[in-house]
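Presented as structure tokens, the chain that follows is alone, the form predicted on its own.
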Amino acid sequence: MSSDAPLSHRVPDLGALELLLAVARHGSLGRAAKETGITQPAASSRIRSMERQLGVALVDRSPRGSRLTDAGALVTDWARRIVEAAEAFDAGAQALRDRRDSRLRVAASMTIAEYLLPGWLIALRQARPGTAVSLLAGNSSAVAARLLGGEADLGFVEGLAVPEGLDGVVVAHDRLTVVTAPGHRWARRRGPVAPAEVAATPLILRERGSGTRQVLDSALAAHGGLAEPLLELASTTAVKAAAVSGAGPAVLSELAVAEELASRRLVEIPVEGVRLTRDLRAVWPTGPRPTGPARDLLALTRT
């Protein structure tokens, strides 16, 4: 008749079984203790505890050494099979970890993919040279869809909040800036532009679903909302090129336009009374935090 107690309470732990196997090999409790990395008193205590747990004597101790009882010899045979099965289990689990750690699929919104991830991935390569990394760039909505669809292990987004179905953590901060070519009328003003004028002006914008567009829509909602875009483009690089060409004003991350502002190919236009800052987040499907290479990349973004 089987006991109602859980199996874990009726079967000795692996450490105790490995100690019993060592006693069988050496015929000495002292040498078995040394092999398993514990003191002899601790080994004696563990054997006694196992005997109480099983209800039978396992080892006869004498000045000449330690000898297995008949019951001890039988239990040792069972223990050997359990330990071998545990070793096979451990090897299989390690193989799963190795397969997981051999690749990392990252999805990131455009600004993060172009201006922040390259440095993080170089650092990850130094820490994990055996991990192959693939990067899928898209807007924040596309990043969320890839994560929820199981197509990416870790994502990075630029929107106002963590997308539904995901958990996340802030890894950086960013500011959006209104920019124009030097010849634009706004560049000749001495004072800032009012938010309502920005909202009413056709702008060169990223597409709907992008983090940049979400922040801008929210910031200007109280000022009449955005006018129909002059151009609606799917990449930061395309928006920037259109602005440099003089097509019209654009709104971009300060990370994306630092070089153009320094060289005066673009001019920053101050806007009064509106907040254009945003959090940049690492995100993953709701549940446990990332493990393996994804965990390491996440740690690198916080240093």
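Start at 1 and count along the sequence shown; that's the residue number. Model, not experiment: these values are computed from the prediction.
Below, we refer to the form predicted together with the DNA, which is not included among the displayed structures.
Enquirer: What stretch, of 258-266, 233-241, 273-281, 38-46, brings heavy atoms to within 4.5 Å of the DNA in the predicted complex?
Expert: Stretch with heavy atoms near the partner: 38-46.
Enquirer: Examine residue 248 and determine whether its closest non-hydrogen atom to the DNA in the predicted complex is within 4.5 angstroms.
Expert: It does not: once the DNA is placed as it appears in the predicted complex, residue 248 has no heavy atom within 4.5 Å of it.
Enquirer: Are any of the heavy atoms in residue 58 no more than 4.5 Å from a heavy atom of the DNA in the predicted complex?
Expert: Contact check for residue 58: no, nothing within 4.5 Å of the DNA in the predicted complex.
Enquirer: Is there a non-hydrogen atom of residue 252 within 4.5 angstroms of a non-hydrogen atom of the DNA in the predicted complex?
Expert: So residue 252 does not count as contacting the DNA.
Enquirer: Heavy atoms within 4.5 Å of the DNA in the predicted complex is the criterion; list the residues of 63-85 that meet it.
Expert: Read in sequence order, the residues that approach the DNA (within 4.5 Å, in the predicted complex) are 63, 64, 65, 66.
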